[in-house]
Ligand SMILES: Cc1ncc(COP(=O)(O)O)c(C=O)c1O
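This document opens with one chain alone, in structure tokens, the form predicted alone.
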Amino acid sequence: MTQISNVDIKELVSQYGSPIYVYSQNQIENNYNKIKSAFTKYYPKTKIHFSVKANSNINILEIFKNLDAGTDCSSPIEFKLSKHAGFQNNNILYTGNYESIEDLETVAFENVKLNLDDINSFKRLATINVPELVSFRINPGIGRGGFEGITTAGTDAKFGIPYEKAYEAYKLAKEAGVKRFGIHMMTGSNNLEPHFFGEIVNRLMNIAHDIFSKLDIKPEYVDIGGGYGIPYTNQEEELNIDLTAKIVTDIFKEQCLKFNFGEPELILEPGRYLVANAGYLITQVTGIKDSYKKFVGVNAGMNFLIRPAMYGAFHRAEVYGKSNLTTHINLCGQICENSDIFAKNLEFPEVEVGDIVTFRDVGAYGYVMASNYNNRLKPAEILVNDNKHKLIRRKETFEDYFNLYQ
């Protein structure tokens, strides 16, 4: 690839250097409008909350604010970033896990939608404040994700209340004075099968009925989480979001009618779906080694894009101006770990030192998972909109890093 939106990649490297993260505002807006229109077409009371943990750059958050989205926050800093980006409390979800007293103190009086991780989360919250509205995250005992590390429900998952114990949590909250309720489930990430999301909703609604019918509660909102996937390889097919929306909302409306839930708000928490394919990591070749295998090294490593090392994930990589795949290489970074390999036995063009290599689909869980390992300074972030581009986070300097010491 040679362009992002209408901007030449060489122009970006010339102005900002490498490595750099680059995001396409046009693609982010297209992704949001696609999923929002698909769901609201079938159920108008659908609200999209962007999952801040996927990409927390405040300039990205401002894009979603201008699109009338909400945010889903998993930490106090994500909440504070949402506020700085202009989100009102009624457009903020807070979905922590193993929340500390300090975490809960940040949001206890803010009237945000709280998805609590456990009955003990509520007990800690109640020592600070009992809010009017509370929701609990349900673990349905099953889960599915693109990788084991991103499966967020099931018997081995650390998230949520086992559905068998959820009634006691809601009973405690109601007896403590909570007046309004929601319910939440998030079972995994990067799923590409529409019927999977229908299964989630069907299971959550039946669990909700078992709880709420005993307590004479109607849910104000039903939060079915995120998990909407994107293809990371040429062999994977894109998630059919319209079919997904149709399946989900058909089941949701049928169950609401059956269980006399009225018309609660349907909440989605996409992160990856909204920003992953809008992000690129632009690097340059720094070394080529003919060892027992052929290695091509670039000036970014697992410190800047950890998904391949952590999950075994794959990101397509393309060389600027070169498309003939004539050799097989191991593509790696500069970090002193043998796990710092982006791809093994990868079909690749013949390259030279200085060639530009662009990793695709890194807008989610890219920069936010970056580190200073090996004392490397984090790269800059750039936002592209049509033929314009701007710096939205500068590259770290040694002074930034050193000034943290006391």
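Everything numeric in this text was worked out from a predicted model, so none of it was measured. Quick note: we count residues from 1 along the sequence shown, nothing fancier.
The same protein has a further form, the form predicted together with this ligand, not shown here; the description that follows concerns it.
> Using 4.5 Å between non-hydrogen atoms, is residue 53 touching this ligand in the model of the complex?
Residue 53 belongs to the contact set for this ligand.
> Hey, in the model of the complex, does residue 300 get a heavy atom within 4.5 angstroms of this ligand?
Contact check for residue 300: no, nothing within 4.5 Å of this ligand in the model of the complex.
> Taking 4.5 angstroms as the cut-off for heavy atoms, does residue 270 touch this ligand in the model of the complex?
Heavy-atom contact with this ligand at 4.5 Å: present for residue 270.
> Does residue 189 make contact with this ligand in the model of the complex, using a 4.5 Å heavy atom cut-off?
Judged by the heavy-atom cut-off of 4.5 Å, residue 189 is in contact with this ligand in the model of the complex.
> Using heavy atoms only and a 4.5 Å cut-off, determine which of 87, 228, 163, 122 is in contact with this ligand in the model of the complex.
It is 228 that has a heavy atom within 4.5 Å of the partner.
> Note which of 95, 283, 135, 139 lies within 4.5 Å of this ligand in the model of the complex, where distance is taken over heavy atoms; exactly one does.
Filtering the options by heavy-atom distance leaves 95.
> Going by heavy atoms within 4.5 Å, which of 286-294, 244-252, 312-320, 178-186 lines up against this ligand in the model of the complex?
Careful reading of the contacts points to 178-186.
> For the stretch 59-80, return the residues whose heavy atoms include at least one within 4.5 Å of this ligand in the model of the complex, in the order they occur.
The stretch touches the partner through 72 alone.
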